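Given next are two forms of a protein chain, the same chain in both, each as structure tokens and marked structure 1 or structure 2.
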Structure 1
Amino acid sequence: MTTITTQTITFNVFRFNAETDYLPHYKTIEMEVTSEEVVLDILNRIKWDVDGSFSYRRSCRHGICGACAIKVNGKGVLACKERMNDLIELFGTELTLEPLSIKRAVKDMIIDKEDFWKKHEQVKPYLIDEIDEHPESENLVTPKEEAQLLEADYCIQCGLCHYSCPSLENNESYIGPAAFAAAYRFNADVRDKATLDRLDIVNAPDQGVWDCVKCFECQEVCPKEVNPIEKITKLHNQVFENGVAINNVATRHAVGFAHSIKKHGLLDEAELVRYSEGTVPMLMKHGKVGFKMFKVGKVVMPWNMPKSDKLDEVKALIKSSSTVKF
């Protein structure tokens, strides 16, 4: 039999009303929290027991609608799924409740998601095909073809990955992980005929998949295990598979990475920079830093680059898994 425990938790709750407030403030509230409660229970109790004006979104309470996404101590969570005990174990007994994006706050936990929907719309997240208005049979998809979607269609558009993405935080042109997952979902659908159109969008400099920093935060926060970083990597491959890769630093970085692993079984970081940026630009941009690193033994010269003990196995793995010729 599981014992229900209780702890006293201090909550710093973000409060802001765009209609009346110039700046936000934080209200401190102490509560007895039981081991059975999730974050949404706390939001409900704040509104019902402490301040009826406290505002947040909620609907299904089953992790389906995605409406109740917020941040706790900077970590994106779906309030109806996230157990308080897990957060207390991670952060301790003082927790800060904030909306997904402070700069987009409308009222307390409620934000304006216009940017999210615009990015989503940008990648054409729908099937595109010439449809017979009077079909005589169904357009069936086999289980094998459906599996190619890699569960990208599980996305509930909660926005957790979008508002946790550091690339998007620093570059408003960047489309973002949720929209990229949607682009992959329809590019992987055998009924769709707009793959190249979407690749033109997601392959564009500044806004496209090559600006992903691969921090895996989108994978970490996704409540449905859509794994957006996996879909971004798939879109990288589609760019090469469809022959639309642009010869720039980003694509050369991907190619140089593969070449290094194939040649050494290890990553030759200095050569990767030279291959990606070119010899002269590399020297002009990184020459001073490179020289300092060389003096303290941080740069391995090409003739001294070690090889993996399992290089033959590494090459065999690359050969068996490669789907694209660069």
Structure 2
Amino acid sequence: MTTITTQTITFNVFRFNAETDYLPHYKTIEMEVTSEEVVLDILNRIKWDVDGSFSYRRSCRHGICGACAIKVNGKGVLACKERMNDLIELFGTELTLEPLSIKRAVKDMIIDKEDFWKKHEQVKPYLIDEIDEHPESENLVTPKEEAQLLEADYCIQCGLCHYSCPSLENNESYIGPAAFAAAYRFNADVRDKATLDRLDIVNAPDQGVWDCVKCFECQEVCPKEVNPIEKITKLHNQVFENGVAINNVATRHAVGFAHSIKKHGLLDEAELVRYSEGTVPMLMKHGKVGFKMFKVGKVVMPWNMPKSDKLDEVKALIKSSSTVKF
């Protein structure tokens, strides 16, 4: 960058104060934005130059503490790592700044994240083993074993996936992508001794991994490439491999998954949900989600099915779930 360029951008900023406002409103602010800036610079300038009462969370500004996640034109971003120029290229010169979840907003960009942290704690997100408090040597872990974590330890708890997940939006007991990634992170760790405990949690109906509708939203939005849906699929496998599968809607879902693959050679989301729950309950329970998925192009018509690029994953799942007889 040898020169700094500037553009005029119109921001529609979500404003809400749970103490004084009955309803939120949007404030329009016009600003000159330079090619050097990231979204956090804009939030700072709104607070520092326009209105000191504007509030948001931030700390590290290195994209590593996870505090600053918000939505711009509906797209989940880490404010300190999202370049303004990229957003302008994507959306043009009118941008709407909103909190991750409007229904959880308490003050402007700040939301109540209690549900997020509760879900996190629910999966026992710590290595479970007797800890040697004064060790003379470390556990030996080969680079290959270490690589099994599949970067799940890179999650910075920003909540972007959690508050973009349609399953969670419809079912508050669903544990959600970030917490599942954490469950996987410890289950994949050769040093951990609580795989079965965690599988009981992630295998339980309603809250568990089987309620994932595989929309890939969590994969798309994650700023750290943690890829939660990949971890969820791994947890599916672990459930079968460890023989803890039970015949319920949940596991039928996996068998449905296998069925769908066999039939089409690839994954048909709509077919899958129908197989596990029956058509009528599906429409009642997932109608909204299904429609949303359809809208964003996540439900693929059978004649339009893309080739799965995760074929190995899929094959492994077919193999492990086909040993279960329902």
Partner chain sequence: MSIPIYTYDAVIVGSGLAGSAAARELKQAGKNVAVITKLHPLRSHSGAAQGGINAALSDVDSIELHEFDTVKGADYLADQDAVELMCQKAPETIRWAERMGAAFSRTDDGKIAQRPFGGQSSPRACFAKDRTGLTLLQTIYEQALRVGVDFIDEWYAADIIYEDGKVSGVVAFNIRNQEKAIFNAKAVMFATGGYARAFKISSNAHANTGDGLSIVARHGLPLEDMEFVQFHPSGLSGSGILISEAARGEGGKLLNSEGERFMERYAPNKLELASRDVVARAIINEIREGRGVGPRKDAVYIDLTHLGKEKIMERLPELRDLAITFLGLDMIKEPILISATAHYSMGGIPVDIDGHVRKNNDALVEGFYAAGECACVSVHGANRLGANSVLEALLFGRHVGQSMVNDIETLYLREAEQSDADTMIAEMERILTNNGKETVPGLRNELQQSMTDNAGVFRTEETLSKQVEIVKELRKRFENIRIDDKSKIFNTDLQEAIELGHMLDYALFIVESALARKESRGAHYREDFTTRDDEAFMKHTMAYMDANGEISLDYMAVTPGKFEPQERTY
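For clarity, a rigid core is taken as the largest C-alpha set superposing within 1.5 Å between two forms. Just so we're on the same page, residue numbers count up from 1 along structure 1's sequence. A quick note: this is a predicted structure, and the numbers were derived from the prediction, not measured.
J.: Name the structure that is the form predicted alone; the other one isn't.
T.: Structure 1.
J.: If the two forms are fitted on the core, does residue 114 show a Cα displacement reaching 2 angstroms between the two structures?
T.: No, because once the rigid core is superposed, the C-alpha of residue 114 moves less than 2 Å between the two structures.
J.: What Cα shift, in Å, does residue 130 show between the two structures once the core is superposed?
T.: Value for residue 130 between the two structures: 3.2 Å of C-alpha shift.
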